[in-house]
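To begin, one chain is listed below as C-alpha cells, in the form predicted alone.
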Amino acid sequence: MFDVVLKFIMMLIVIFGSVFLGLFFKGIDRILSAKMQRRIGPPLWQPFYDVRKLMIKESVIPKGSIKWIFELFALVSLTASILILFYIPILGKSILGNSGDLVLIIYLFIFPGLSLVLGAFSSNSSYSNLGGQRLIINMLGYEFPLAIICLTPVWLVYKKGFSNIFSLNTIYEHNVWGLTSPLGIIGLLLESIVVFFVIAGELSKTPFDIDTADSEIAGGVLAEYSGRNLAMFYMAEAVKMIALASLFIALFFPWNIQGNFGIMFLVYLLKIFFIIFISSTLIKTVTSRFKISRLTRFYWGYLSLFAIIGFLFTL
C-alpha cells in the first residue's frame, strides 16, 4: 500500500513538474533565440502568461467540425506526453519500473503528433487538413532514424549479455559508452548528432515546421484551435520537449554526479538545457524552413545514413 501511495505522489510531481519545466525551458528557448537574432525577446515567464490567458478564453469550435474529436485529442496529446515520463528513468529508476520498455516509449511518442493530425482533420478546415498531411510526412520521416538510434543501445546491452535488454532502466544503468570499442564510440558520436535533429523534427521546430508554417498555411494543424484546447497542445509540446530530452539522456548521456538529490537534479537540468539549446534554439535560429521534398530527403537520406553508419560502427 505504501508503494502505491508513493508512486501516486511521484506521478503528481512528474505531472506538475514536467509542465512547469517544459514552459520554463520554452521561456529560456525564446529568450536565447531572440538574443541570437538581436531582438529583445519576451520575458522568461511569457509561456506561463500565454497558458493562463488561453485557459480563461473561450474555445471556439469551427462550424462543420466533429466537436468531440476536435476537443478530445487536445487532452490526449497532453496526457500522452506526460505518460511517457512515467516510463523514463530520470534520476534513477522510472516510476513504473520495468512495466514498459523502449518499444512502448517509441509508440507513445507517436500519440502527441497523431493527436494533432486527428484534431486537424476533424476541424473541417483546409489549412488544418493540409497541416495534418504535412505532419504525417514529417512523422514518417523522423521515425526511421529514431528507430535506428534506439536500436543501437539495445544491441550493445544485448552483446554484453544483460537481461531485459529493451528496458530503459537497464540501458540507463549500463552506460553504453563503456560497452563498445573506440570505433563504436565514433558511431555513438554520429548518432548523438542525429539525435539533435530528430528532436527538432519531433517538436516541429524550424527547419522541420512544415505542419504549422504560419506564412504559408496560417498555423496549419493549430489554425482552428483556441482557448483551453490550444493551451493543452501548447503544454503538450512543452512536456514532450522534456520527455524527448529525458529519453536521450537515458540512452546516450546517463552520466551523473553522485551526491545529494539537489546536485543530481541540477545536473539533470543542465543536460536538458544543453539538449534543448542545440536541438531547438540553435537549429531553428540558424536555419530556414525546408521544402517538403527536401525534408523527406534530409530524413531518409542524410540522417538515416548517418544513423546506419553509426550503428554499423558499433557492430
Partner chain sequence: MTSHLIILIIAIPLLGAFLLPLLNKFGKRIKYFWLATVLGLTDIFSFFLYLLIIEKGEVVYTLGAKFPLLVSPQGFPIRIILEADALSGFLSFIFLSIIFLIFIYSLKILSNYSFLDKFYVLYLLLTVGILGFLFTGDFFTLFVFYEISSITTAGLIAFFRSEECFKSAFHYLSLFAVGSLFLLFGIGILYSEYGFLNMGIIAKVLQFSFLDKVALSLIASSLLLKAGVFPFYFWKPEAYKVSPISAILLSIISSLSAIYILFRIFLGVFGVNLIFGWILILFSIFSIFMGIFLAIKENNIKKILAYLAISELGYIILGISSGIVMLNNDFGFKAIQGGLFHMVNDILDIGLLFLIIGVVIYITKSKNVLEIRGFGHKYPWLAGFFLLGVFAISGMPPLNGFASKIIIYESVFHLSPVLTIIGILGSILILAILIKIFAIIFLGISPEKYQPVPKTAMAVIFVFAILMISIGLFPGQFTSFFINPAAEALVSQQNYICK
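Positions refer to the first chain, counted from 1. This is a predicted model, so every value here is computed, not measured.
Below: the form predicted in complex with the partner chain, not depicted.
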**Asked** Looking in the predicted complex, any heavy atom of N256 within 4.5 Å of the partner chain?
**Response** no
**Message:** Check T212 for me: does it contact the partner chain in the predicted complex (non-hydrogen atoms, 4.5 angstroms)?
**Reply:** no
**Item:** 4.5 Å heavy atom contact, F313 and the partner chain in the predicted complex
**Value:** no
**Request:** Spell out, yes or no, whether the shortest heavy atom distance between D101 and the partner chain in the predicted complex is within 4.5 Å.
**Result:** yes
**Item:** 4.5 Å heavy atom contact with the partner chain in the predicted complex for all of W68, S122 and M139
**Value:** yes
**Prompt:** Of I185, I106, I90, L203, which residue is found within 4.5 angstroms of the partner chain in the predicted complex when only non-hydrogen atoms are counted?
**Reply:** I106
**Request:** Heavy atoms, 4.5 Å, the partner chain in the predicted complex: which of 59-67, 278-286, 42-50, 24-32 makes the cut? Say which one.
**Result:** 59-67
**Request:** May I ask you to list the residues of 266-285 that have any heavy atom within 4.5 angstroms of the partner chain in the predicted complex, in sequence order?
**Result:** none
